[in-house]
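A single chain comes next, written as structure tokens; it is the form predicted on its own.
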């Protein structure tokens, strides 16, 4: 009895896997619509003037960002935790009725919150703060969802059989603690029904409406301390957790350097939190704070590249697997895009470069080569690895996976190169002046020049969306394929290591 393999319970994992795919489709589809609305403004009225309020760029844009960040990415983080956590801690969710109940409650409350977010944003109910658009009732629900996630993490750790905590668990814990702190501080707000004007009179307003506890420059500082570190603890830390588990499992190779993984972990923890000031260069924020944001951003290259190089060196002597396995292709290119993005960001944070880059499409390109190439590729790779073990089926088509990889890679390249060119063009045109010191170009001049690049961006996004539909189809067909035992999956090939 003691030698019987542990049976893991993937009930909650499956639920979040389906949500990851569904919200990925929604978020990316809206993103493609937005890209073509920018290239062809007439599409803002695509459903007629009566519905234009709900389908124009300004109404759809927060839906796109929040569906990708708090829908697709967050669901992927939850799905992988409920899979990885059991395996590295050598404990099954089924061993604790309380943990299973909390896991299911976590999922269903999350779904209810997602529905509330979609309805409120379509209705135009928003705080207007980047990545923090939700009003106070939804914020409270999100806090509860997050507490349930934390209870699942520490609950599994509490009943674990494996004494040592694998590095991926460190990163998941940091994700929970980091976002908890950031979200609470940035979303401090007062419902307007409780607020009073300076003369003591009642302000009034809708019951769901609120005002921030911070004002002016302080509000901007807290917002971008949160905004940049939402990227740190949502798009970086948990994705590193994933690749430190899935790449060694898929390749059969041990992590190149466990010490380097720890060094990079603490480097990220101490440096990332101070880099948000680079979003506020040339603003009313004190100059020393702007400089600190720039300096910490540049130093941040070290732990970021430490993690990425550690991932790439894990494949040392086994590079033939990259050619043979489409799944390892996804993970290695994800690591490469991570290096790309974490070099590009610090460069943009240098004051002289930021003078050209700020408010331009180069920033948009930077965000998307990171999200599409690093976050998107890694979450899809994780789900591809999990699917055979969760559904007890072989992957439906590895050739379809390969085709998806190349289509999406082309999409990412078209996206970020078009935005690089558009952004630098914008920055230079906005700064250009004639011999009298007058601006050489009007705003509409830049819009006209950028049209072809906006079209290319739309095509790049469309290719990535097509690849994501291929991914969803592959997972769907995998669920209905021939059942196999996990022992078959492990011995089949490096694809199933």
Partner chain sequence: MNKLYLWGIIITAIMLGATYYTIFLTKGGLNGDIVNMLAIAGAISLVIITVFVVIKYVRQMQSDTAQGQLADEQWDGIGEYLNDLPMGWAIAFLLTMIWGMWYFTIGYPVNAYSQIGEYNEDSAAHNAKFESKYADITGDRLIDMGKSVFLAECKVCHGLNADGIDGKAADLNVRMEANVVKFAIENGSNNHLLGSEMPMPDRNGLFNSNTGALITDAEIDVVSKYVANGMSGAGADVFVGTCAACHGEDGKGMEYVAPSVATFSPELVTNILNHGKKGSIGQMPAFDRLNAKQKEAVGAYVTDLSK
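Positions refer to the first chain, counted from 1. Everything numeric here is computed off the predicted structure, so don't read it as measured data.
The following text describes the form predicted in complex with the partner chain, which does not appear among the structures shown.
Enquirer: Is residue 306 close enough to the partner chain in the predicted complex to count, meaning some heavy atom within 4.5 Å?
Expert: Output for residue 306 is yes: heavy atoms within 4.5 Å of the partner chain.
Enquirer: Decide whether residue 425 counts as a contact residue for the partner chain in the predicted complex under a heavy atom distance cut-off of 4.5 Å.
Expert: Judged by the heavy-atom cut-off of 4.5 Å, residue 425 is in contact with the partner chain in the predicted complex.
Enquirer: With the partner left out here, check for me: in the predicted complex, does some heavy atom of residue 355 sit within 4.5 Å of the partner chain?
Expert: Residue-level check for residue 355: yes, a contact with the partner chain.
Enquirer: Decide whether residue 469 counts as a contact residue for the partner chain in the predicted complex under a heavy atom distance cut-off of 4.5 Å.
Expert: No, residue 469 stays farther than 4.5 Å from the partner chain in the predicted complex.
Enquirer: Go through 69-77, 397-405, 91-99, 259-267 and give me the stretch that gets within 4.5 Å of the partner chain in the predicted complex, heavy atoms only.
Expert: The contacting stretch is 259-267.
Enquirer: Quick one: of 231, 390, 167, 117, which gets a non-hydrogen atom within 4.5 angstroms of the partner chain in the predicted complex?
Expert: Looking at the other structure, the residue within range turns out to be 167.
Enquirer: In the predicted complex, which of the listed residues (410, 151, 111, 295) lies with a heavy atom within 4.5 Å of the partner chain?
Expert: Exactly one listed residue reaches within 4.5 Å, namely 295.
Enquirer: At a 4.5 angstroms cut-off on non-hydrogen atoms, which residues of 283-320 are near the partner chain in the predicted complex? List them in order.
Expert: Contacting residues: 283, 287, 288, 290, 291, 292, 295, 298, 299, 302, 303, 305, 306, 309, 312, 313, 315, 316, 317, 318, 319.
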